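Provided below as structure tokens are two forms of one protein chain, presented individually as structure 1 and structure 2.
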Structure 1
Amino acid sequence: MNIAVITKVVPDTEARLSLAGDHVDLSSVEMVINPFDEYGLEEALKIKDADENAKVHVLMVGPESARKLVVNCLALGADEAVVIDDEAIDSGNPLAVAEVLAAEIKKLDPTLVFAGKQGVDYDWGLTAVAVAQKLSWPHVGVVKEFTPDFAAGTFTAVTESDEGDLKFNGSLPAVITAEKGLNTPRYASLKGIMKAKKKPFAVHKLADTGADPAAAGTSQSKVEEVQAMHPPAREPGRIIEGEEVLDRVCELVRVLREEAKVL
């Protein structure tokens, strides 16, 4: 049984971002694996823990320079990795990225595809859903509990909503996108790190994938980023002073009512 995990790299969540002209300049920013993808990978590895015949494949559309981060996925326990690095791919367009990923996934004929619920860069939340659509598979998004039944070819998945927990029933194969809380991602062991160096790692060009070059290319995007800006800084606030704690609390309640008018 094959399981695919799709991932991408995003700026480190600690990073400060600067602008070059009208867009963000990521050239000197430290990148990391998208945090939500770590939960997708862990869910795949849990299945592999329980079934030694399961193989976990990590797929990423992104720069080959992110190799170290993908190798770390192998160190955690994934079996193989493919990075698709080609300037001809419109990597900012989720539908173009999904076209490429779906083509690679078809070759693996997996039972499950896991991804993070969204990239913490543009938060489109579209790529994995579009992979499901292109494969003509079902998906469940933002999953916090996942229970597959491989013998029956079915699964249940729970997502949270403002109404309460939503329970989905579905059939495999399927695309599942992970919410934090789905599991607790493991750390790489020394042994895992040593083994990772010998695991298959391929770098593909668009032509290697079998994807439709037009659908993956740059002329398809229906959304254009006009400008990126820094948000206006918040006005500096003030520390409420006062002799006793109670004085400070009373003063706080007064300003919340009279100045801020939020109580």
Structure 2
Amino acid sequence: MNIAVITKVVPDTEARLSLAGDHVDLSSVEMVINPFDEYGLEEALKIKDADENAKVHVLMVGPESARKLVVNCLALGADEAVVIDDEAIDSGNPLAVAEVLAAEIKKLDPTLVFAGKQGVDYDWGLTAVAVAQKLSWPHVGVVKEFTPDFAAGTFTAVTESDEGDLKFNGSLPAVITAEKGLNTPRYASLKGIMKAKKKPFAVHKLADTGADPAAAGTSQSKVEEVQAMHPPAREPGRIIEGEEVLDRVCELVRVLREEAKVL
């Protein structure tokens, strides 16, 4: 049984971002595996722990320079990894990335695909959903509980909504996007780190995937990053003066009604 895990490299959530002209400068920012993807990886590894015949494949559309981060996924217990690094891929377009990942996933013929519910860089959460659509597979997002039944070819997933928990039943294969709380990601052991050095790690180009170059390139991009900018500086607070508390309250009410117009 094959299980695919979609991962992405993102800036560390504690990093301070700066601008270079109209775009974010990531040259000096520490990059990490998207934290939500770690929950997807852990869920795949739990299945592997219970079934010695299961193989976990880590997939990423990103730079080859992310090798060290992807190898850490192998150290955690994944069996092999593929990074698709090609300037011809419009990596800023979730639909283009999904086109490439779906083509790579088809070759693996997995029973399950896991990913994080969203990337912490743009917070879009579109890629895995688009992968499911391109594969014509069921998808459940923001999953906090997951129970597969491989013998029956089905699964149960629980998500959280404003109205309470929602429980879904579906058929395999399927794409599941993980929420924080689905599990607790493990740490790599020394033994795992040593084993990772010998596990298969491939760097593919767009042509290797079999994806449609037009759909994966910029020619049909639905999204274009125009400009990045800092939010406007907050105006300083205003202190309401007055000798008596009642005078200050009355003045505050007047300001809120006549100037701020929130009353």
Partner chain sequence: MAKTLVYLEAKGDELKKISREMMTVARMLGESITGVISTGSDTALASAGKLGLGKLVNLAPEDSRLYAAEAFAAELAKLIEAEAPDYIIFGQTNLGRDLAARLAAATGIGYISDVTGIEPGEPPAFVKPLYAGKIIGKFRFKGEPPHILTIRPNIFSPAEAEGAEVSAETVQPDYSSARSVLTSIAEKAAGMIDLREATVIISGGRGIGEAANFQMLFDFADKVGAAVGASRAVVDEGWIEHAHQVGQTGKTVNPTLYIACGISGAIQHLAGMQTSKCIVAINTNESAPIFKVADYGIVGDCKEIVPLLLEEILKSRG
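Residues that one form lacks are left out of the comparison. These numbers come from a predicted model, not from an experiment. Between two forms, the rigid core is defined as the largest C-alpha subset superposing within 1.5 Å. One-based numbering along structure 1's sequence throughout.
**Student:** Between the first and the second structure, which is the form predicted together with its partner chain?
**Tutor:** Answer is structure 1, the other one does not fit.
**Student:** Are residue 244 and residue 190 part of one rigid piece when the chain shifts between structures 1 and 2?
**Tutor:** Different rigid parts: residue 244 and residue 190 travel as separate units between structures 1 and 2.
**Student:** Angle of the smaller rigid domain relative to the larger one between structures 1 and 2, in °, please.
**Tutor:** Domain rotation angle between structures 1 and 2: 35 degrees.
**Student:** In Å, how large is the C-alpha displacement of residue 232 between structures 1 and 2 after the rigid core is aligned?
**Tutor:** With the rigid core fitted, the alpha carbon of residue 232 is displaced 3.3 Å between structures 1 and 2.
**Student:** Once the rigid core is overlaid, which residue runs, three or more long, move by 2 Å or more at each CA between structures 1 and 2?
**Tutor:** After superposing the rigid core, the shifted stretches between structures 1 and 2 are 223 to 226, 231 to 263.
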